[in-house]
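Just the one chain here, the form predicted on its own, laid out as C-alpha cells.
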C-alpha cells in the first residue's frame, strides 16, 4: 500500500434482516504515527467492506470487528512512499489557500458534469477520455439522478432499492419525462417505492469505479450529496434516512484521497430542508470523516454562513449575472477561508442566462478569480441534436475555453511559493502577487481594457523580467528587463496581462 492510497478489507458477515441498518462493522488501524477508527459498510451478498487511507509510511496493523461478523479479523500491511502523481488529499493551507497533503499548491481548476455517472457506460467512458486530455483537476457531480432542463431521462440505476413501486406504469414515466416544465416549476413526484434504508449497491459500485478512475487521473471528485432537481422523492427522505445515507457515503468514499464533500447543489431552493437540517448534515460529515476532507455547501440565491466550523471552504455560485469573481477577495476577507467559485455561468448557447456566456467571458472570470486569490470552475452548455450537454451529461467538449484555462493553469503553476493573493493596482486592472514574495512576482490583468501601453511602477532596488501575456491567444512575449517606472508597449487587444518577475 502506498501512503494516501486506499486499503480495503472485504469480510463475510450477517445478511438476514436489513444489513444496512441492523449491524455495525468498524476497522481500527494503528501505526507508530496514528490510530484511526473507521466505519465499514454493507456491499450486498453478505459482504462488508472496510476502507482506510494511511496518512503515513510504515507498518500498520488492523482489527475489523462489530456485530456484523462472528469474530474479529486482524492483519497488517506496509504503507510505502507515494508514487508520482499521488500528493495526498487537498487541505486548507495558510487559512485561505489550498494545498495537497505533501505541500504541493493546489489551484482548483474545476468543471461540472452533474449527472455523468448516471449516463450510458459508453458516454461515461467518453467523459473520462475527455477529462484525461483536459486541464481540469476537479469535477462536481451528483450521486442522486437529476431531473431538469435537458435532463429528462431515467438514470441507468437508482441509488436505493425498489419496493412497492415495482408496478410503476412505464407509459406514465415516459409521459412525465417528456413533458416540458419551466425551470422552477414543481415537478410532480411519482411513487417509485424506494426503500431509503437500502442503498442499491450496483449504483454505488459504479461510483466506486468512477471516483477511483478520477483519482488515477489526478482529478478531485467533488461529490454533491443532495440537490433540488428531484422527481423521485429523494428530497422527501426522513431525517433518519438522510443521516443513514450520509454515514454510508462517508464509510464508502471517505478513504479515497480525491474526495470533497458538497452537502448540496443549490441548498437554498430545496423546500423540504431547513437550516437545522443543513447544520446537522455538516456536523455529521465532520464527525464521521476521520480524514477531514474538504466540505462545503453550494448556494443558488442565498450564500451559506461559511463561518460555520465544519465548513472548510466557500463553495460559491454567482448571484449577480454581470459581477461574479470580482467579489473573490471580498469573500476571502469576510470568511478567511478559501473561495472556490463552482458556478460563474457556463460557456454555451442555451436560452437560460446562466448557460450562454462566451468563452472569452468565462476565461476572463477565471483570471479574475485566481488573481484575487480564489479558484474557479468551468461548465459548458452548447445545444446539440442529441441533447448531450457537458454540464450535465459529460461526453465531449465543444467550446473554446478549455485550452485557455489550460494555459492559465500552466501560468498558475509557475507561481513561486504557496500561491497568489490580490495586490493593489489601479482601477482598470486586477493584480495578483505571490503570497510568499509579493514584491518579486506580480501579474497585472487588464481584462476587457485594451491600452496600447501601460506605465508599470516597479521597485527601484532590483531588476524585473517583464512579459506580455495574451490570455486568449495563449502567447507569452518577453518585454525586456526593467526597474522603477517604465513604459510597456502593448498590442491594444483585450484580455492581456503583464507579468513582472524579479531577476
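Numbering follows the first chain given and starts at 1. Source: prediction; values computed, not measured.
Beyond the structure shown, there is the form predicted together with another copy of the chain, which is absent from this document and is the topic of what follows.
Contact annotation for the candidate site: 361, 383 and 454 all lie close to another copy of the chain in the model of the complex (heavy atom within 4.5 Å). With the partner removed from view, the residue among 365, 393, 293, 138 that has a non-hydrogen atom within 4.5 Å of another copy of the chain in the model of the complex turns out to be 365. Here is the short version: of 352, 244, 125, 101, the single residue with a heavy atom within 4.5 Å of another copy of the chain in the model of the complex is 352.
Between 58-66, 446-454, 31-39, 462-470, the stretch whose residues reach within 4.5 angstroms of another copy of the chain in the model of the complex through a non-hydrogen atom is 446-454. Residue contact with another copy of the chain in the model of the complex: residue 310 places no heavy atom within 4.5 Å of it.
Although the partner is absent here, residue 71 is not a contact residue: none of its heavy atoms lies within 4.5 angstroms of another copy of the chain in the model of the complex. In the model of the complex, residue 12 stays away from another copy of the chain, with no heavy atom inside 4.5 Å. Interface membership of residue 481, defined by any non-hydrogen atom within 4.5 Å of another copy of the chain in the model of the complex, is ruled out. In the model of the complex, another copy of the chain lies within 4.5 angstroms of at least one heavy atom of each of the following residues of 299-326: 318, 320, 321, 322, 323, 326, in sequence order.
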